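Read the single chain below, which is given as structure tokens and is the form predicted on its own.
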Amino acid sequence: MGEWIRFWIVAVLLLSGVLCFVLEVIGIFRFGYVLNRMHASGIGDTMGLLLVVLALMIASGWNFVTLKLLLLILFMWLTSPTSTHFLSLVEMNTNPWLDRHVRRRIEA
């Protein structure tokens, strides 16, 4: 009985992760501006990766592979937002038509 519960938990997590990846791809193609696309890809990668790797951790049980998967989540959660932030700063500093898409707040 416990194996079936574990199977269904893994199946739901995997399907949820794949759904996040599909929504990410749809968001990348539907949004027109590059910062919106980066936001969709960053959120989709972060949530989709968490759900898929969490499903793999539950499926493998408690062993050394689980620790490796946990380190994979940690590494990806540190590098993905950092690279997205860097790319958004490059876009904001090099796009001459940024005012068409973004309203900047004037600081006093």
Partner chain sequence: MKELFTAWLEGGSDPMESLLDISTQEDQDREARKKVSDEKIRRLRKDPAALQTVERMRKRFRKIYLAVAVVCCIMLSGFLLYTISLMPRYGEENPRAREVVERYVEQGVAETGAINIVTGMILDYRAFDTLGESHVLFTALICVMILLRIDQKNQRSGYEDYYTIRSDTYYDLSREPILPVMGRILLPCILVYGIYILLNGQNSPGGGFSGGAVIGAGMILFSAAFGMKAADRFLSVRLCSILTFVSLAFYSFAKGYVFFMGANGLENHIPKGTPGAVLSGGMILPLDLAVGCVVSVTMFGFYSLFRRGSIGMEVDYGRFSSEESKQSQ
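Numbering follows the first chain given and starts at 1. Not measured: the values here are computed from a predicted model.
One more form of this protein, predicted together with the partner chain, exists but is not displayed; see below.
Novice: Whether Leu78 contacts the partner chain in the model of the complex should be assessed with a 4.5 Å heavy atom distance threshold; does it?
Specialist: Because a heavy atom of Leu78 falls inside 4.5 Å of the partner chain in the model of the complex, the answer is yes.
Novice: Check Thr82 for me: does it contact the partner chain in the model of the complex (non-hydrogen atoms, 4.5 angstroms)?
Specialist: Residue-level check for Thr82: yes, a contact with the partner chain.
Novice: I'd like to know if Leu89 sits close to the partner chain in the model of the complex, meaning any non-hydrogen atom pair within 4.5 angstroms.
Specialist: So Leu89 counts as contacting the partner chain.
Novice: Counting only non-hydrogen atoms, choose the one of 55 to 63, 70 to 78, 41 to 49, 25 to 33 that falls within 4.5 Å of the partner chain in the model of the complex.
Specialist: In short, 70 to 78.
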